[in-house]
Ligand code: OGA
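Read the single chain below, which is given as structure tokens and is the form predicted on its own.
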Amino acid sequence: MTEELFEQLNFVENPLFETIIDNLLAKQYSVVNNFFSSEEVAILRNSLIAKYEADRFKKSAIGSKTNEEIDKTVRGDFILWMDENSANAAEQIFFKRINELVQYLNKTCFLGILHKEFHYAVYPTGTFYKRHLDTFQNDDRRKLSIVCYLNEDNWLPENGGELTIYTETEAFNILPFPGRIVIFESQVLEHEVKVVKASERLSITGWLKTR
């Protein structure tokens, strides 16, 4: 039995991942609640907070890594890049789930996702990220953008910090509730993070990339 046939015979359809695919095909974005359990969110949030309190985050910049520029009038978050090769126990939970999604997308949709990059993000009160597109003129490898929210369970809508996605016909606001993830086409949909009005907005943000 060939390896390819073996994989086909052992393929199990994942209803959640199929819903994500259907959403992406229909409207170019997908919002999934409880992608991570409340226990997993708490573990990831504690990991983020520990690193943030250890002063390991840096002010975010705009542009590619080779052409970065800090501009507080455009974005105000603080970030810390995640390294899967040196991931702690909490981050291994995150990457395991993301890798399952990547493998499923590549197997069913032939997306050719070969790389990924993710970072923790903290938006203090009063910060935002103006409307933009997640791609660069000299680098179009980003295929899908992913945001995973790690806020407390008691996060209120009046805290702000919602993600607004702009389609051709509407502006869709997504509240950053814990465990929720948002996946959208990086090169197609413009989006922004509205002003955080209370507390700190915590998340993991990243991209699935082709060659």
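Nothing here was measured: the structure is a model prediction, and the numbers come from that model. Quick note: we count residues from 1 along the sequence shown, nothing fancier.
The same protein has a further form, the form predicted in complex with the named molecule, not shown here; the description that follows concerns it.
- When you look in the predicted complex, the only residue of Tyr104, Phe94, Phe78, Tyr129 with a non-hydrogen atom within 4.5 Å of the named molecule is Tyr129.
- Remark: Leu163 counts among the residues lining the named molecule in the predicted complex, judged by a heavy atom distance of 4.5 Å or less.
- The shortest heavy atom separation between Ile43 and the named molecule in the predicted complex exceeds 4.5 Å.
- By the criterion of a heavy atom within 4.5 Å, Val32 is excluded from the residues contacting the named molecule in the predicted complex.
- Although the partner is absent from this view, Val147 contacts the named molecule in the predicted complex, with a non-hydrogen atom inside 4.5 angstroms.
- Interface residues of 194-211, taken as those with a heavy atom within 4.5 Å of the named molecule in the predicted complex (partner not displayed): Arg201, Ser203, Thr205, Trp207, in sequence order.
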